[in-house]
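Only one chain is shown below, in structure tokens, and it's the form predicted on its own.
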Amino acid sequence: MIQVITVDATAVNQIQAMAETSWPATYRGIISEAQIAYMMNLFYHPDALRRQIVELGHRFIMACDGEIPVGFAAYSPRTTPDDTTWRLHKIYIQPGQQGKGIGRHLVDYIAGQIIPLGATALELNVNRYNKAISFYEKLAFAITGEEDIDIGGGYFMNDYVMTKPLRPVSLN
């Protein structure tokens, strides 16, 4: 049975280890090996993960099958305090664990955490060639824009912005 736990900066090594297997498997064939290495260092180096948690306020969660971590996600409010749209910064499921409902479970968990805080939508960026687009569409995310983000080193993230409307859970 999958359990979702909230983690803090003490879990950066576990998050990095999961990213080292899930992230390259996701992007191989979409972006170059050099860009994968660059982005892994930029976003998944332990110092970068600590900064995301401690300074940027990203909330990290892990999906565990018993004691074994099988996926992770990070989310936060958008930059303005009165904005009711939240950002899903990352969600990755370990190879071999995909297709088992773990990603849906993580998104549902996040929605359950943020709807009571006034969230009306969950937004994410996804590479335009990532096969996960169809997964997000099954979860009611829709493409609402495109972005080309200069991440340095001569690299860009060529993304769709996808948004999922959130509805409060009825108590009836």
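Position 1 is the first residue in the sequence shown; the rest follow in order. Quick caveat: nothing in here was measured; it's all calculated off a predicted structure.
Beyond what is shown, the protein has a form predicted together with a small molecule; the following relates to that form.
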| item | value |
| --- | --- |
| Contact at Phe43, Ile53 and Arg87 by the small molecule in the predicted complex, all three, heavy atom at most 4.5 Å | no |
| Residue (of Ile115, Leu139, Ile143, Ala37) lying close to the small molecule in the predicted complex, criterion heavy atoms within 4.5 Å | Leu139 |
| Touches the small molecule in the predicted complex: Ser76 (any heavy atom, 4.5 Å) | no |
| Gly103 within 4.5 Å of the small molecule in the predicted complex, heavy atoms | yes |
| Contact test in the predicted complex: Arg28 vs the small molecule, heavy atoms, 4.5 Å | no |
| Contact label in the predicted complex: Phe135 to the small molecule, heavy atom within 4.5 Å | yes |
| Stretch in contact in the predicted complex with the small molecule, which is absent here, among 61 to 69, 143 to 151, 119 to 127, 45 to 53 (heavy atoms within 4.5 Å) | 119 to 127 |
